[in-house]
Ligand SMILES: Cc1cc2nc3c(=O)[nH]c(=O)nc-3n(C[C@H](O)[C@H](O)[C@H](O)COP(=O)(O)O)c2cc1C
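Below you'll find only one chain, the form predicted alone, shown as structure tokens.
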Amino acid sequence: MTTPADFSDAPEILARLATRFSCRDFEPVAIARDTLAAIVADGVQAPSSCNQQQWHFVIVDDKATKLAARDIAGGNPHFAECSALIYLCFQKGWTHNNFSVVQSVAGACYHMMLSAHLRGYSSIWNAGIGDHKRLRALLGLPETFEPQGALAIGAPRETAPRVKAPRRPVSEIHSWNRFERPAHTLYPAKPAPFYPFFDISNENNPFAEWDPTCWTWDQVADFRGYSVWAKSPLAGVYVSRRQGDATERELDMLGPLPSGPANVVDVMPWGGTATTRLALRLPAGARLSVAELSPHNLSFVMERLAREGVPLANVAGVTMDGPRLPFDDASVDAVAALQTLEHMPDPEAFLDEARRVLRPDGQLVVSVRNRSSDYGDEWSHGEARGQVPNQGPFTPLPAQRVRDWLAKRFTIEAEAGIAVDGDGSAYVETGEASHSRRLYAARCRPAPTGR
């Protein structure tokens, strides 16, 4: 007679495994090679398709090679700081179409992450590893093997965010016997009879729906609220080289604020890059409210602000209900909506809300990516052919259309056109030329009632 196995410690073990979090801020200290080899050995206890084990793991612990790997990857500075990178590779050609070998490597990777976690180390899996040709040369990887990603392992810095990215409620991601899923978690795609997998890539997705008017507010909130956690909320994340100094020029549109505790609202900032710059410009005593569609965005932005050195005593996060701002009529001194109208399912509904909450002498500072510009054409023929970015669906708006929307509700005090394309420049044009630059920005005051 077989004695039942004792699984009484399973809840404790599973709870410990669930505390694993992704880390991008490592102490540059070494991990013994026998420990790294043991982590890989734990990983290959994962199942492998047909038991062929057509995987290979290149462990990089050499400082110069890690620096080169960082440069190839581009936006992953932690590649140089971690104790080791483990490149996840597979031999091409085995059950290729249904990704059996890819799934095998993914299973091994997670096994390694749990092994590292139980040994007191942190880790993060990275799909963004850069140009494969350069990487092959660096690693001596033959053409028959494909790099799938890289696992960074190391000891987290004392200051590293020990925050686990939010997980969806289990009720949203499982169903019984047939597919059922809440509508707000189903993202739009352009109508088509079929969506062939191999017709879709990051750079060319003919089914991607970039137009936010085809999305509901709840869908946009859901998308942004999870994807913002694609990175840890470290200082300097989501800072765009293409944007350059343009954020400062957008914020230059902000007029003087009243003396005393001015109430300022930053609308839909996503990762908080502009929020950081705005907060540091506000006079002492000013109160800043960060208005976002999802509490997950707010938790990220508040952690980000703290790590950017922004005092949080006068900063609060508030959740929008669609376009509605949770403030009383005529209670706000300034609303900042920087490059947000183009993300909204109904921008005019939001502008009505902005006018409602602003005091008679309040101000709206708004900017948009301008469809009537060289950048707009580049976006249409290039960027928009790919997948929807992490900040959610957006479509650049013609400057004149935005100006017409503003003129219906506000008195436009100042206009500016910022830069031509995404080269990081941020020079400012005024007058008619402002309508043809990459960014169109304006400062407005509420128009008299009845206008």
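Here the structure is a predicted model, which is why all the values come from computation and not from measurement. The first residue of the shown sequence is 1; numbering continues from there.
The same protein has a further form, the form predicted together with this ligand, not shown here; the description that follows concerns it.
For the options His111, His343, Arg307, Lys231, the residue carrying a heavy atom within 4.5 angstroms of this ligand in the predicted complex is Lys231.
Arg167 is the sole member of Arg167, His381, Lys133, Arg181 with a non-hydrogen atom within 4.5 Å of this ligand in the predicted complex. For the chain shown alone, Asn76 is a contact residue for this ligand in the predicted complex, at least one non-hydrogen atom being within 4.5 angstroms. A residue is said to contact a partner when one of its heavy atoms sits within 4.5 Å of a partner heavy atom; Gly93 fails this definition for this ligand in the predicted complex, lying far away.
In the predicted complex, this ligand lies farther than 4.5 Å from every heavy atom of Ala160.
Using a 4.5 angstroms limit between non-hydrogen atoms, Phe21 touches this ligand in the predicted complex. This chain is displayed without this ligand, yet in the predicted complex the stretch 222 to 230 from 222 to 230, 289 to 297, 331 to 339, 191 to 199 comes within 4.5 Å of it by heavy atoms. Contact annotation for 108 to 130: residues with any non-hydrogen atom within 4.5 angstroms of this ligand in the predicted complex are Ile124, Trp125, Asn126, Ala127, Gly128, listed in sequence order.
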